[in-house]
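Single chain ahead, written as structure tokens, the form predicted alone.
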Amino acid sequence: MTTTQDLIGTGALQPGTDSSGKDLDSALLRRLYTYMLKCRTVEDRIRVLYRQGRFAGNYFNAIGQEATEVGATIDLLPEDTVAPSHRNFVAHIMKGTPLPLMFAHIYGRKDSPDQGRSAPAHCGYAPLNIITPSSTIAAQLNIGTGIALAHKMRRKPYVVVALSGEGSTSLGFWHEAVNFSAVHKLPMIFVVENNLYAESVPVALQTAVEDISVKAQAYGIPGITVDGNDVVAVYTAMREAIERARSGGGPTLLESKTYRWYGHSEIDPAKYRDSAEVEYWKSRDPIAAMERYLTERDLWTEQWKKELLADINREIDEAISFAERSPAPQAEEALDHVYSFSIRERELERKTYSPQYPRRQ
């Protein structure tokens, strides 16, 4: 049986260059599908855990957007950086963050990358160059721009992929990052996941342009729009943008037109959307589309999918078990990495100056 790790762990491939994808390496095509299936399965499970009350907080899933999530990040080197938004939790899968650590973060446990300090969807991982996102929309782009500037100053051939939604392109943070990157020809790719809604606001109410990619003209950089539900199209366009950035050609704006199936977050019922619209986009499921694509090339079978899902679900079960065994952080640990004194010194101060131990006169 070929497992998901067998496919995901095969390393860099040498795909073809045909923009239609017909000459892409068959192993790469199967890896693209495997990653999409894993991302979907992980987020489906997280939604179930939320409804079961197994973790606190909120979660912003990207179900329906897997082709963009995978196609934009599968070619990255370990030294490359991802600047994700709060909806790009599965970028951790693409960069290689261990699944147990990801679920420990969802649960807010001590073994998570941030030791239980952040909201479920605000997960970063410094060892793999994943910036911690925040609820300040597009703020991660400015941090990513600083990293890209450092790469250029140090003459390193690494890139930064900044992920954001179409709503972010109406904000000052986004303008500052793109403008600065363009002026200084920084090795960045700005991937705008245009899923038609900025929270509950449709795209037509926050920008007057039909294609977000035309905004690139104002900065003097290439702007490309692709079908965000076609992983081969996203991968092909992204590969060219990454090569341009690595070779000193500067940033690219890649708009990926896609759709999120569910609400803005797990507490949002998405009643503001027409059911026919949702069903239309579900009929364009990127995973089902890739299954048809692979079947035409004799690269997919229902049995293979069952084997992959069994392997993925086994890995998820182990990750959940790890997270639920992980201890919760202690309240006093919230000050760690904020002030220089130690937990022991804090405990001494607490005992010395608490109501049980009045301050000495």
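In case it trips you up, residue 1 is the first one in the sequence shown, and so on. The structure presented is a predicted model; accordingly, all values stated were derived computationally and were not measured.
The following text describes the form predicted in complex with another copy of the chain, which does not appear among the structures shown.
S.K.: Within 4.5 Å of another copy of the chain in the model of the complex: all of T169, T207 and A218, by heavy atom?
M.R.: The answer is yes: all three residues contact the partner (heavy atom, 4.5 Å cut-off).
S.K.: Heavy atoms within 4.5 Å of another copy of the chain in the model of the complex: which stretch among 95 to 103, 171 to 179, 278 to 286, 234 to 242?
M.R.: After filtering at 4.5 Å, what remains is 171 to 179.
S.K.: When the contact criterion is heavy atoms within 4.5 Å, does L196 count as touching another copy of the chain in the model of the complex?
M.R.: Contact check for L196: no, nothing within 4.5 Å of another copy of the chain in the model of the complex.
S.K.: My question is simply whether V183 lines the interface with another copy of the chain in the model of the complex - judged by any non-hydrogen atom within 4.5 Å.
M.R.: Residue-level check for V183: yes, a contact with another copy of the chain.
S.K.: Can you tell me whether L77 touches another copy of the chain? I mean in the model of the complex, with a 4.5 angstroms heavy atom cut-off.
M.R.: No, L77 sits far enough from another copy of the chain in the model of the complex that none of its heavy atoms falls within 4.5 Å.
S.K.: Does another copy of the chain come within 4.5 Å of any heavy atom of I224 in the model of the complex?
M.R.: Outside the cut-off, so no.
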